[in-house]
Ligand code: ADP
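Shown below, as structure tokens, is a lone chain in the form predicted on its own; questions about how it binds or moves come after it.
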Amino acid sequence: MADIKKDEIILFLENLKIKNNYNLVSNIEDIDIKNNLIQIVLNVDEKEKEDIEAATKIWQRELSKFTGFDDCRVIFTSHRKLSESSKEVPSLKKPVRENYQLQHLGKIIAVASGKGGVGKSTIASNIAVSLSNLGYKVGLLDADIYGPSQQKMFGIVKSETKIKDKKIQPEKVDNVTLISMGMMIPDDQAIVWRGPMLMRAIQQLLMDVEWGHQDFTIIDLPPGTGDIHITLAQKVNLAGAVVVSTPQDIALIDAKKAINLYKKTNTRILGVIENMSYFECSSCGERHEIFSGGNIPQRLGEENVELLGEIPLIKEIRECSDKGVPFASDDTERTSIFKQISKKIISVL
């Protein structure tokens, strides 16, 4: 692996299952790669040096296997103490990292949720369509590698993704440019990638796709707060993050985790969307709050986080997703809730 890069080494080390590994990786000060040698400069506290040596021996062994290099060394320096902040998620501006250059994607918005099943992908697709209805050019990246769904929501079946001039060609649906791992693999095929392979896939979907120039790019993230979320927060200049949750207490616990992740990585939180907020009876018009009451920002303890909108439990939203035509594609009064949310997002950017 002669063309190994610093970022690939960082990502590989981050995914090793070693106690306090993120803490260690966040204190790498430099990586030098030359003449079949990898040399890592690591800032450590002298009092903890003995424990850290055990971990870095694993680094050296595993890096040699990963890269095929003959020699991998870790040099300790202790000119400053480990700070309390190093126990958090690694800094957004670590000097050893190289941020992705994605100016052509316009304002990049992450759509996240702390847990699955809250309708995050449905919300992401409808926001993308609503922004396009407002006249903007919009990119939509399905970053849920294990469970891609955007290709289904846009009615893309058995797509054979083409490569032209070394660039992956995305699908274009009206004014939305879309790429998803679901366009590249059969529906019933499981992806069993881990660590560096997963991160490389995300990098390729961002860097090696013929995106063109977009005004906004929506990234539909997988549920949770894992490697993909941290890496994107560190390496992509995000305009902000939108967190999706249902009003159910158990969902709000995980939504809070997502919000805390973005706070730790200095990512602006644009607001929260309350999905499946209520059910309105088609016969009597009465509103039923099936999953508990609203007031999500207050219940999250995040009074400074804006509520971007409340999406009711509507059968048509589910039917449209299954048919492959996003609900917001029909630009009518009925679908105006997504346009209102999109306008709010624009206003806070």
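Quick note: we count residues from 1 along the sequence shown, nothing fancier. Bear in mind that the values here come from a model prediction, so they are computed numbers and not experimental data.
The next section is about a form of this same protein that is not shown, the form predicted in complex with this ligand.
Partner contact region in the model of the complex: 115 to 123, out of 115 to 123, 248 to 256, 264 to 272, 227 to 235, criterion any non-hydrogen atom within 4.5 Å of this ligand. Remark: residue 288 does not count among the residues lining this ligand in the model of the complex, judged by a heavy atom distance of 4.5 Å or less. Taking the partner from the other structure, this ligand in the model of the complex has a heavy atom within 4.5 Å of a heavy atom of residue 276. Shown alone here, residue 61 lies farther than 4.5 Å from this ligand in the model of the complex, counting heavy atoms only.
The closest heavy atom approach of residue 57 to this ligand in the model of the complex falls outside 4.5 Å. Exactly one listed residue, out of 308, 40, 296, 317, brings a non-hydrogen atom to within 4.5 Å of this ligand in the model of the complex: 317. Shown without its partner, this chain lists 313, 44, 300, 33 as candidates; in the model of the complex, only 313 has a non-hydrogen atom within 4.5 angstroms of this ligand.
Scanning 319 to 345 for heavy atoms within 4.5 Å of this ligand in the model of the complex gives just one residue, 321.
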